[in-house]
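Starting off, we have a lone chain in the form predicted on its own, written out as structure tokens.
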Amino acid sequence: MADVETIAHDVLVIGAGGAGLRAAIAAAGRGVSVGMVCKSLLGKAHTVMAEGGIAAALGNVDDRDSWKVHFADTMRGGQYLNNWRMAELHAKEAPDRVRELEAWGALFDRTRDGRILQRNFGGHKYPRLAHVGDRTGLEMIRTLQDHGIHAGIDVHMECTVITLLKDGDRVAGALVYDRERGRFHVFRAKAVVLATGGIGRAYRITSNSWEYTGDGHALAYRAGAVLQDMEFVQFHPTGMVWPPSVRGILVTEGVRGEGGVLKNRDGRRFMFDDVPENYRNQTATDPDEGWRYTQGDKSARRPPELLTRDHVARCIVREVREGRGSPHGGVYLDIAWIRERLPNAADHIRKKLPSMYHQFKQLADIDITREPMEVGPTTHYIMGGIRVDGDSQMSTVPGLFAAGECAAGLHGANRLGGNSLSDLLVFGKRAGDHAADFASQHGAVTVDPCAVDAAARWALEPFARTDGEGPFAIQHALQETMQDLVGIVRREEEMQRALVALGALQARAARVAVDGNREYNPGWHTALDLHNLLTVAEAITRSAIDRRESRGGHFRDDHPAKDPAAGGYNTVVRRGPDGAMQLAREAIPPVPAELRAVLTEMG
């Protein structure tokens, strides 16, 4: 402890993306001391890569939209495994959070009469996504940062959390190391908000940035919190598969929302071949009707390219497996075809999708106004995460809160596009508010020096080994295992093989060795990340084995149908007394009568 700096705050926020910034602003607004730790630089959060928009029932483009329709869409997209209270709060509060962001300076695209413009997106019945071209996440982070710098938040950049600290059953802070100098810091806090994002770096092909190593999930799990629905991983249907310079980079759903179509190698729009029964009355049956929908015709139905992400991703996989894919294992996403319908199509595309146009032109010399993109599914988002209370966002550990992608509940078995950004705003605020209230209502915490010393010694062990394996080979093997055996289409035998492989990788990671010193040592950083990646990979695999059905983002080739009995429970993961991972099935609380009536009313 003599060598470790201690910093005290009432509330500690871990993560500086949309959820973390909104939580910190909310907590600071309650008059408590707030500290924020971020793994990268402030402003570099993965939220900036969210392109399509913020889902909120403003009704600016189609006045038939309402919180009830948004609630029903979210529940249906999540296959009714959602935390219904979170889905209700999200649908009701998202419009206010968007207007609040606008009041803080966000520059949204506008309708002709000056209101916030909204676009179509997969799984949403009406145009609902407030957007800034295809740079919505970037504008959100810019706005939150500009507003937050006046709130008195103490920001610590390029710091990674090693472990959460506890005072009895209650969270007491975190042990952190700064990535530049390698020095340890203890953050003592009465409440902690986890806003660390997702787990995409457990897979080989992912749209996620390097920070997404499942840190919040693993930290909460080791602190005694419950994880939920970890089997539900979303593979975004349209990540670039060629050329190599852009492989894995996301092609926003906004491309399809503006008229982009999916074609196989024969040039046929294959999405018309497989429309789920519960979407048929909402989905166009011919290309002309789908085009009229994207142009704002309220009498038309949406094109099949805007079905839910899990369905579109599986249709792409089907085309590839049956030999109708593109040369590099994907399909074609074509928005250049609208030249046939719009005389100024190139200017229209560059205006609506500026980042997409410039990014692929500069990185791959692909002009999306003239040629199709070669796309395929890429690991994008995890619906599962830390189990939280729907109102307060507090986990099962007192004083430990979670918001954003690392928290479970809102999205159920599958997330609708655009719901992620409104999730960050709605539940980031709620987590910050309730964390501040918890800190104000509870006394000071005590940090155990022995726990700090033990965690610091564990973190430094890789430097002491001379005969261990390097961390990068282990990370690569983990990503290959998850990509090949626990990917978008799953089978029992393959996942059991993955479980055995993960056990071997855990043994290898326990003997990992690194060279050099503690200052900016990427090998050391990767060695510590491995601990979290292996934890979330095991949770995903065990949960996926246990759920013997196909639902939402979880597709079992050996159990392709839904099991009606499985629609009433969540898979939960706990750390047992012996440190082993334990699974259980817990019943979902029944939807109250007034919300059941809403679902019935919305069809």
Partner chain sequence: MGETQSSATFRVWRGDATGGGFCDYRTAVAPGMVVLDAIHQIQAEQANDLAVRWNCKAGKCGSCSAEVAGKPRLMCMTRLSELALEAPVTVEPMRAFPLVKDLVTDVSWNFRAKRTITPFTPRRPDAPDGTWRMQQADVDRVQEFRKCIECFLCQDVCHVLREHHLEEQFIGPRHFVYTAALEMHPLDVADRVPALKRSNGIGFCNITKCCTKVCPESITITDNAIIPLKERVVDEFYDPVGRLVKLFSRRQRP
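Numbering follows the first chain given and starts at 1. So that the term is clear: the rigid core is the largest set of C-alpha atoms that superpose within 1.5 Å between two forms. On a predicted model such as this, the values are computed, not experimentally measured, just so you know.
The same protein also exists as the form predicted together with its partner chain; that form is not shown, yet it is the one meant from here on.
The partner is absent here; in the predicted complex, the one residue of 488, 75, 501, 249 having a heavy atom within 4.5 Å of its partner chain is 249. Only one of the listed residues (135, 314, 97, 269) places a non-hydrogen atom within 4.5 angstroms of its partner chain in the predicted complex, and that residue is 135. The stretch from 391 to 399, 107 to 115, 501 to 509, 276 to 284 that comes within 4.5 Å of its partner chain in the predicted complex, counting heavy atoms only, is 107 to 115. In the predicted complex, residue 441 stays away from its partner chain, with no heavy atom inside 4.5 Å. Within this chain, residue 364 lines the site of its partner chain in the predicted complex, having a heavy atom no more than 4.5 Å away. Residue contact check for residue 342: none of its heavy atoms lie within 4.5 Å of its partner chain in the predicted complex. Its partner chain in the predicted complex comes within 4.5 Å of a heavy atom belonging to residue 471. Shown here without its partner chain, the chain has 132, 135, 138, 139, 142, 143, 145, 146, 149, 150, 157, 158 in 126 to 158 lying with a heavy atom within 4.5 Å of that partner in the predicted complex.
In the core-superposed comparison between the shown form and the other one, residue 365 has its Cα shifted by at least 2 Å. Residue displacement note: residue 521 has its CA displaced by under 2 Å between the shown form and the other one (rigid core superposed). Distance between the C-alpha atoms of residue 357 and residue 110: longer by at least 3 Å in the predicted complex than in the displayed form.
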